[in-house]
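As structure tokens, one chain now follows by itself in the form predicted on its own.
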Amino acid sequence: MLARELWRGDAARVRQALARRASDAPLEELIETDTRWRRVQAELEEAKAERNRGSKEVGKLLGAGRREEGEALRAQMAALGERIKGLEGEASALSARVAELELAIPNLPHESVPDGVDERSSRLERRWGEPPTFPFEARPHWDIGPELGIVDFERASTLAGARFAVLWGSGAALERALVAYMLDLHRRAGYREVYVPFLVKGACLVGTGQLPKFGEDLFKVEGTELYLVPTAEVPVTNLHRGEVLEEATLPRRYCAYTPCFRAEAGSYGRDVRGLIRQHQFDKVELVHLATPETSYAELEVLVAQAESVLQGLSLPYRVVTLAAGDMGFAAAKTYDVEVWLPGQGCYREISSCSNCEEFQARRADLRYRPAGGGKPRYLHTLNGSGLAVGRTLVAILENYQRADGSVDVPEALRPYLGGLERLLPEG
């Protein structure tokens, strides 16, 4: 969430930033409710002070034998007590509403983020690799996988409905190999691997910004307070909630594999074919915890690490900076890494790398103690896919396809597949 002193003291700046996001966040209601809460709180404190003074005066009057005056003042204090109860209830309700509205305000875009509301306004930063050319018409993965007998949408639909897939044989092995390859690559780069629960409390989702705004995209376990993780960002970012880390231990760089579960409530009609947008998918996530002074350097480290996976697999891609109105709720700046998919003739996002600055840290109470002393400060949190495993599998099927329907295995993955060089029809 935003610092209260920011929207209280510089509302014009916040309004301008939200306009860049094309956000309909309830800033004006927040400011109005906060003003009312502070006014009521001031009345409450004055009323309590008056009651304290009156109670002392009652004692003095009674002690001095002025019983009639003392009883009259006591009656006034009793009436004042009823007013205090009313003010306490009003202040409590207004305070709760302020806290609720604060959670609905998105992060402010960094000054380097381009204006615009969709991908058309993204800024191209760089490209890597040349899209392959084929002496045949490139096919999409939703044809390649089923024809090889390694991707099965029909049986998945029988098991769980739409937006699920069953992977058979070398398809399942390739998925597993990609997870191992990514984790090994990140560990060699100095990331600390962590295995986390795939279920989290609602407070963790509030901390990273999925709740309360995006509750419809989550799967909640009925009868519990637990949710299936939509991304490993949630449990990993919350690992140190309520703690105060030492600056000497920063930055901290973590990598984690989890399955991810998303209802995709807002994606009706989008990517209905194939593996691009599933209710369940695997992902290796990268999370950085850093100081405010180093977080934007860490963002460059983070995106370079995500890129290293694609480079190792020789998959062509590009990096873009998202426009202000196209970023996620918690992000201040986001790079999207987009892999080339020849079967679809376009680049598709395979990793979003974001600096959330202190937005998540304020919600999740993530702080560090400066090396030079002083009060604990809020951390800056960063996260990015390193990578989305299913989309990487898609990119391999489409970029490494051959005219006979087989698919070459990238050299970097062959050691994880017992030396397998090519995916052939099976089943």
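When you see a residue number, it is the position in the sequence shown, counting from 1. Remember, it's a predicted structure, so these values are computed and weren't measured experimentally.
Another form, the form predicted together with the RNA, is not on view; read the next lines as being about it.
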item: Option touching the RNA, based on a heavy atom within 4.5 Å in the model of the complex, out of Val320, Cys260, Leu167, Met77; value: Met77
item: Stretch in contact in the model of the complex with the RNA, which is absent here, among 22-30, 397-405, 35-43, 379-387 (heavy atoms within 4.5 Å); value: 35-43
item: Contact of Arg422 with the RNA in the model of the complex (heavy atom, 4.5 Å); value: no
item: Touches the RNA in the model of the complex: Arg192 (any heavy atom, 4.5 Å); value: no
item: 4.5 angstroms heavy atom contact with the RNA in the model of the complex for Arg51; value: yes
item: Partner contact for Lys375 in the model of the complex: the RNA, 4.5 angstroms, heavy atom; value: yes
